[in-house]
Every structure is written in C-alpha cells, then in structure tokens.
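This document starts with one chain, in the form predicted on its own, laid out as structure tokens.
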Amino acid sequence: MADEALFLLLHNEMVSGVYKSAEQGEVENGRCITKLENMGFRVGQGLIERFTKDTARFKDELDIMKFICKDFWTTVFKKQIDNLRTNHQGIYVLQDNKFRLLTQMSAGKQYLEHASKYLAFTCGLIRGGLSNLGIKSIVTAEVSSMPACKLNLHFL
C-alpha cells in the first residue's frame, strides 16, 4: 500500500515539476505533455522488459493486449482494466472506470481540462511497453467523466 501512495505522489510531482518549469520558461508549454509522455515511454519499456523476462512468447496482438490489461495494468495500477474492445484491425480501446491517477481529483467536471496532463505519462507507459514488444502504436486518452478514462490504441 505504501508503494502505491509513493507512486501517486511521484506522479503528481512529475506533472507539477514539468508544468512549473514551463511557467519559468525552461520548457515551452506545449511540450509538457510530450515530455511527460516520453518519460512514460522509457518507464514502460523498462517495466515490460522486466515483466516479460520469464513469460512465453505472445502469439498475436490480442494476446499482448490481454497481458497489458491484466498483468501489466494490475502491477502498475493495482487493478485490471475494466473493459477492452477491439475491431480486430489494430484499434483497441481500454477503459478504466476508476483510474487511480485521476481519483485524487474531483469526481465532477471542474478539473476535466487538467486530466490530459495526468494521462500523458500513462499513454507513454503503454506506448513504451508495446514498443518493447515489437508493436509501434499511437496511444491517446480521453476523459468524459472523472475518474473514468478511455485509452485509444492504434497499432501502426
């Protein structure tokens, strides 16, 4: 339980630090999300490498996505993805109805515009993990009501 609290605090400080440096002129404001996503990308690469060292090879993309939704997500966020959908043509939608990095914020719509900066690291985390498994992808996130989020994955 302590490691979860530390992860949440570290994530909040990363987001805060990146945006504070943008306010001080060190980083352009538009590059903050890219910087957070790149941090997540590198962490995702490392985590997938560590988590899959003792597992058998994956058969296909769907097998990889099941691993991401069950094992990877559970290890990082302490719960499984609530819903995984696909069109079997390289598009996947992952839905988490109580996303841990957004639960600290209000359940109302007042902080909805700030949600994207708290999801950038996670998008990079998934993209980095998939990259290390040999899949190039585009990962975007959308939030319509807090703390639920949808992650759209498009395999290239």
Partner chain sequence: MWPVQALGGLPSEITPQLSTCLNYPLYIRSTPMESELKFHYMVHTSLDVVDEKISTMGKALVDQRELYLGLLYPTEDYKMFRKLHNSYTDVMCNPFYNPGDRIQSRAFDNMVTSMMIQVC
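Only a predicted model underlies this, so the values are computations on that prediction, with no experimental measurement involved. Residue numbers count along the first chain shown, from 1.
Separately, the form predicted together with its partner chain exists; it is not shown, and the next lines address it.
J.: Thinking of its partner chain in the model of the complex, which stretch from 84 to 92, 118 to 126, 54 to 62, 97 to 105 has heavy atoms inside 4.5 Å of it?
T.: Residues of 54 to 62 come within 4.5 Å of the partner.
J.: Even though its partner chain is not shown here, does it sit in the model of the complex so that R42, G46 and E49 each have a heavy atom within 4.5 Å?
T.: Contact check passed for all of R42, G46 and E49.
J.: Residue-level question: is G17 within 4.5 Å of its partner chain in the model of the complex, judged on heavy atoms?
T.: Contact check for G17: no, nothing within 4.5 Å of its partner chain in the model of the complex.
J.: Give a yes or no for N12: in the model of the complex, does one of its heavy atoms lie within 4.5 Å of a heavy atom belonging to its partner chain?
T.: Looking in the model of the complex, residue contacts with its partner chain do not include N12, since no heavy atom lies within 4.5 Å.
J.: Though only this chain appears here, would S21 touch its partner chain in the model of the complex if you measure heavy atom gaps against 4.5 Å?
T.: Because no heavy atom of S21 falls inside 4.5 Å of its partner chain in the model of the complex, the answer is no.
J.: Taking any heavy atom pair closer than or equal to 4.5 Å as contact, tell me whether N132 reaches its partner chain in the model of the complex.
T.: Flag for N132 set to yes.
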